[in-house]
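Take a look at this single chain, the form predicted alone, given in structure tokens.
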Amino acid sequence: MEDEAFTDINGKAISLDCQDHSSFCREFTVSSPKVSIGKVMGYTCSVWLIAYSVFFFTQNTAVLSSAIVVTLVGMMLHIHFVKVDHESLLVIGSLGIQVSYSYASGRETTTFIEMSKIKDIVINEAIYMHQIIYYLCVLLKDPSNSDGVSSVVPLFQSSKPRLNCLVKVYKSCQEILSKC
């Protein structure tokens, strides 16, 4: 469909890509900026300068070796487990919702929630640090109470888009859910 530019709660640019596969199937992908090489260089230089300072006073080469190993392992862990490149939400009218996360290392995780377990999709608000943020979430039905909610599944946890982006996704999801 179209690719629009939005910002996250910190003011960083993110993009929302909406694709209509059919009238009952729509996919939303929120993409975050790639890892900044400047930041990586800054953190690496800081750790290595501290390690070199300690080495200068102690004359222990293990300090330099451990600093190199710690920064390399830290970067690999960050790229593999923390840095999400894009998150996607696939809403299929009578079937369910699929949430996928693609990490900077290429790793992907996918979760599927079948429609019979979904009560609703809502925009919720939360207090985060010193501000109120909004997030899109799926309310799951409580099997013991037909009017109750058993749990809340937040969407787009990594990218944290602002309200204007969430409203666009919310309206589109409600349009599909109302057809079921």
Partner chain sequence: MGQRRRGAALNASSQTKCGTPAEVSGRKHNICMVSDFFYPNMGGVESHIYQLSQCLIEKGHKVIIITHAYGRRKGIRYLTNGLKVYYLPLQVMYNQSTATTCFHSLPLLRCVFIRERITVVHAHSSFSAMAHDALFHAKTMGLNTVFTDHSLFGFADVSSVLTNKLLTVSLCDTNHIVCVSYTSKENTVLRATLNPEIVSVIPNAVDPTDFTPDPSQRQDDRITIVVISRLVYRKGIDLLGGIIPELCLKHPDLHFLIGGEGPKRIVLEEVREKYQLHDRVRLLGALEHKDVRGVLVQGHIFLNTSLTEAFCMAIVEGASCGLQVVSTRVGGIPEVLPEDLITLCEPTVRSLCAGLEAVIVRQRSGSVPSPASIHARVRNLYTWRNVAERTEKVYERVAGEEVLPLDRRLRRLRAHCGPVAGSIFAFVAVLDFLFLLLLQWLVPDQVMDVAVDATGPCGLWTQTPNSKEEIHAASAMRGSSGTQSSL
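Numbering follows the first chain given and starts at 1. All figures in this text were calculated on a predicted structure; none of them were measured in a lab.
The same protein also has a form predicted in complex with its partner chain, omitted here; what follows describes it.
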Notebook entry, point to check: Which of 35, 47, 64, 139 has a heavy atom within 4.5 Å of its partner chain in the model of the complex?
Noted result: 139
Check: Which residue, 15, 157, 172, 19, has a heavy atom that falls within 4.5 Å of its partner chain in the model of the complex?
Finding: 157
Notebook entry, point to check: Looking in the model of the complex, any heavy atom of residue 28 within 4.5 Å of its partner chain?
Noted result: no
Note to self: Residue-level question: is residue 127 within 4.5 Å of its partner chain in the model of the complex, judged on heavy atoms?
What the structure shows: yes
Notebook entry, point to check: Within a 4.5 Å heavy atom cut-off, is residue 51 in contact with its partner chain in the model of the complex?
Noted result: no
Notebook entry, point to check: If you check in the model of the complex, is residue 131 within 4.5 Å of its partner chain, heavy atoms only?
Noted result: yes
Note to self: Within 4.5 angstroms, counting heavy atoms, which one of the listed stretches 109 to 117, 146 to 154, 53 to 61, 39 to 47 is next to its partner chain in the model of the complex?
What the structure shows: 146 to 154
Check: Along 40 to 70, which positions have a non-hydrogen atom within 4.5 Å of its partner chain in the model of the complex?
Finding: none
